[in-house]
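Take a look at this one chain, the form predicted on its own, written out in structure tokens.
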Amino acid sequence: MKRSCFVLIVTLGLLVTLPAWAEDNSVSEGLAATPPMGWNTWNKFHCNVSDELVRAMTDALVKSGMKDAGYQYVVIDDCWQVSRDQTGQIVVDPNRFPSGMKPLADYVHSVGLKFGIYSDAGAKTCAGRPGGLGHEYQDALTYASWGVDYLKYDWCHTTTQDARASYANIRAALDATGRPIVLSICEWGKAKPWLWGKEVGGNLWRTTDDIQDRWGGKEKWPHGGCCSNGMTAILDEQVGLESYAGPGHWNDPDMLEVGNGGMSTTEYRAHFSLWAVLAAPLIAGNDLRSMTSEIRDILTNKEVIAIDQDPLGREGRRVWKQGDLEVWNKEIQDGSRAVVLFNRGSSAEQVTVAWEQIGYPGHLAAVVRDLWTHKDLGKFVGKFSSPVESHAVLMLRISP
């Protein structure tokens, strides 16, 4: 009883004092100046997570060249937690993580990478594990003590909660620890987080329901409710959101499915190109230990990654569409343009980008470079046209 009373007094004390500390958000200033890049357990492994798996993926991320290409964060998604103890402290699965989280975070840091973890704004996570509701400050202090650099915060089991207030609360809790921690708002776009995510200190926010490893379409979940999305369905939902993204605050069309087997190499190249032109977070989710050389080459293409990571921080937008054919354009800091010629159709088609579509005068001469073949295609005036294969892209850098 005495111990319980002591815990209650300490907890009440924290509740009184922490909001005052949280008024200074300088701790999180400057985070995610470019879209975060990393790897997450969920898309491939779901709840089958462990210390052994995360260490192996950390090693593979380095060995594959992904670290050198810019990937930073190793993130454990749902199912690492099993309960809370009598003081409310979150309990790590002792079978899957026998040494706890601190040694694992230390290992990730030891190879020059950053460590991320997952929780939920509701009473439970999406997999039914303990959520963060009512334990925000306690959990934030725990995460900081482990060395967490990135928190993905989901939106399951939230009932009548207000999304904006819930995410402002966890941001304040993270800042109160004194440790800079990237906040990934995983609210699925239901409450339009692009309208308020920046104000509450979110560094990225999901704009849609979950991605699935397939080309297109929107499907209802088998257990009811909406929806899982193919890659192109998610792409369509990004149209019109580009003005809300910028350094430190990014629209997140969900993690990459590149290499998980549901699409062709050509489709994965399109997926990666389009996410790059969207200035989307590039969070891989495949088995890095066994990926083919073709998949590794997609994930480590430094010319495409440079488009995503351009410090100007402009999200690309669709500037032309006719049936299955599209042109996407992203302004680059040096005045050049990243352009994706995209063919959703079932056969090869000619696709043209006119200079006026991308903000250049028609008389301008510009060098066109193919970012997948790493070759300059020549100097062109007014427009560029090329055949694009089915379900493929041509990704270009156009420089005056």
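Remember, predicted model here, so these are calculated numbers, not experimental data. The first residue of the shown sequence is 1; numbering continues from there.
The same protein also exists as the form predicted in complex with a small molecule; that form is not shown, yet it is the one meant from here on.
Novice: Considering the small molecule in the predicted bound form, find the one stretch among 124-132, 168-176, 84-92, 282-290 with heavy atoms no farther than 4.5 Å from it.
Specialist: Residues of 124-132 come within 4.5 Å of the partner.
Novice: Using a 4.5 Å heavy atom cut-off, state whether residue 271 contacts the small molecule in the predicted bound form.
Specialist: No.
Novice: If you check in the predicted bound form, is residue 210 within 4.5 Å of the small molecule, heavy atoms only?
Specialist: The answer is yes: residue 210 has a heavy atom within 4.5 Å of the small molecule.
Novice: Is there any non-hydrogen atom of residue 118 lying within 4.5 Å of the small molecule in the predicted bound form?
Specialist: It does: once the small molecule is placed as it appears in the predicted bound form, residue 118 has a heavy atom within 4.5 Å of it.
Novice: State yes or no: in the predicted bound form, is some non-hydrogen atom of residue 149 no more than 4.5 angstroms from a non-hydrogen atom of the small molecule?
Specialist: Looking in the predicted bound form, residue contacts with the small molecule do not include residue 149, since no heavy atom lies within 4.5 Å.
Novice: Of the options 324, 136, 78, 242, which one has a non-hydrogen atom that comes within 4.5 Å of the small molecule in the predicted bound form?
Specialist: For this set of options, the contacting one is 78.
Novice: Consider the chain as shown here, without its partner, and state which of 231, 255, 108, 183 has a heavy atom within 4.5 Å of the small molecule in the predicted bound form.
Specialist: Contact with the small molecule in the predicted bound form is made by 255 alone.
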